[in-house]
Each structure stands twice: as structure tokens, then as C-alpha cells.
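Quick heads-up: it's one chain on its own, the form predicted on its own, in C-alpha cells.
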Amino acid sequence: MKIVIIGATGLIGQQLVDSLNDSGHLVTIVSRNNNKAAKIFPSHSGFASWNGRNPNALVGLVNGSDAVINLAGENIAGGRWTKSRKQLILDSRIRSVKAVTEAINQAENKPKVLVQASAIGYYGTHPEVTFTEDSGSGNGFLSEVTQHWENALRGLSSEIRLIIIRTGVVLSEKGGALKKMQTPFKLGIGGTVGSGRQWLSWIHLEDEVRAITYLINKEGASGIYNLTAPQPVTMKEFAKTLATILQRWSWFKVPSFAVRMLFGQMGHETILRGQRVMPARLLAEGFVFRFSNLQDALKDIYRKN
């Protein structure tokens, strides 16, 4: 297939490009910075530059493609949520989605499917509720962002099979949350953050990529899909399991007030609160996770037996 990936230089995008290339697909990497993309993908040849805003510059790229995957968006956990950073996080997503939507609508030979990134932040946070794709939206900045993000797709042509992937915390030693979370454990000061009762809905990077590929290939797949492993854990369970795999202690405890002081609202919503999210639709449609259990996932990541 001819596949266009926007935002391919992130953690998910890099693994996805490699996987699709290995499967023989023709991948075009759309990036703001071609030099940066070329360094990340030194053996790749299909690059295109795009500023993330102008739909006219994107029409020629999506025209004639089989699938478009839009992973673009400013990093949620890249720093404290100042007023300006909140606006950047929101604008980067909405502008990208609206431009992609308009470009696809203008294309004479439209792609068959659009895979649009979103996040489980849509559901808000709760200590007891289990969320599925049928659950409504929640409260908080993350929920607000994802609602606007997804609503920006409303103008997409009905000819296009639209898939929205609400992704949880992606686990990989290459980057993302786990790379930050492992550091204190490797230094011998790892442990529970906050109460430890908050839920962590995670997914192994390999399963994230496999799920996206599965949904592209499954002609009947459309709508919302939660990309999370079927066995979410509490932060206390996560800390204990990670310590075991790394053969370190899990004795340190970071109090909630310290997280709020360091990270403000960003820490409160992304670290101290959580949600228990299930991939109900993937499971119902027969998708098989390679890593359903956290211990198995971390063993694979760190190659521990």
C-alpha cells in the first residue's frame, strides 16, 4: 500500500514506519523538518515537508494514497502547562486535523482510510470506573483537548473510512513515559508516586503498531478504538513490577504535593490521576495482544528472563 504518515518522528511513528517498510509498503514520511526526519530514518527515501497548517500543500501527498495516518501533535508531557503551552498543545492538534481533513476532501483520488491519533484522556479520570469506547467524555484539560481534537474531524468526507485511536501510555525503552519512569529505579530511588491507587492503562509499543496495522487492513474497522492492553494496573503495581524486572528496590514514595509543586496541573492530571481503560472493540473483533500482562511486556522491553 501507499501510506502517508504525518508526525512519524515520534515514538510510535518511528516504530510504525520501520514495521510498514519491513512489510513492503511504500511509506511517505511527512514532517516539518526533513533534515531531522532523514537523520531518524537514514535508509528511508520518501520524505515530504509540511508546516502542519496549509491543506493545499498536502493535497498532492494524500492524493492516490491508500491510507493516511496522522500522529501529529505537541508533546502533552513536555513541560508545565502554562497558558501558552496549553494553547500550543491544543492548536497543534486542531490545525493539523483540520488541514488533513481539508486536504483529503480536496484530493481527486482520495485515500481509503484515515487513522487519526487521539488519547484515552478523552474519558477524564476516575479511581473506580472502567472506560470503554462507549463511555462518554470526562473533565479536565486532557479531556478538553481530545474532544476538540476529534471534533475537528467532523468535516471529513463520508467516503473515507475513519479510525480514531485513543492510545494509553505507550511502553518502550526507546522513549516516552517509561524512559522517564525507569530513571529513579535505576538510581535506586524508585517507588510509588502519589497514592499508588491511580490506574495506568498501558500498551507495549509493538502492540500499538500491530493494532494500527490491523485496523488499516481490516476493511470493516471504523470509528473509535482504545489502544490499551487488556490488563491495566495501578501505579503501585506498576512500580513493584518495574522494580522486580530491573532488580531494584521499590521503597521510595513521592508525595502528591511534591508532584504538584514540580509539574502543576500537568502532573496532577497525567501522574496523580488515572483511568482504567479497556480495549473492548479490539478484543471483540478478535485482535490478539502479544503483551496483555505488564510483567511480560516489561520483560520483553528489558529482555529479562
Ligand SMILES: NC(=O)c1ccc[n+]([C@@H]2O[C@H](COP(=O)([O-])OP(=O)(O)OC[C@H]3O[C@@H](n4cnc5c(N)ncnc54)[C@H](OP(=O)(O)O)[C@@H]3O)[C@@H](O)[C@H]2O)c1
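Residue numbers run from 1 along the displayed sequence. Values in this document were obtained by computation on a predicted structure and should not be read as measured data.
One more form of this protein should be noted, the form predicted in complex with this ligand, which is absent from this view; the next part is about it.
Note that among 123-131, 213-221, 85-93, 186-194, the stretch whose heavy atoms approach this ligand to within 4.5 Å in the predicted complex is 85-93. In the predicted complex, this ligand stays beyond 4.5 Å of every heavy atom belonging to residue 156. The closest non-hydrogen atom of residue 111 lies beyond 4.5 Å of this ligand in the predicted complex. Among heavy atoms of residue 81, none comes within 4.5 Å of this ligand in the predicted complex.
Within 4.5 Å of any heavy atom of this ligand in the predicted complex lies no heavy atom of residue 143.
Put simply, of 209, 115, 103, 170 only one has a heavy atom within 4.5 Å of this ligand in the predicted complex, and it is 170. If you take 11-39 and check each residue for a heavy atom within 4.5 Å of this ligand in the predicted complex, you get 11, 12, 13, 31, 32, 36, in sequence order.
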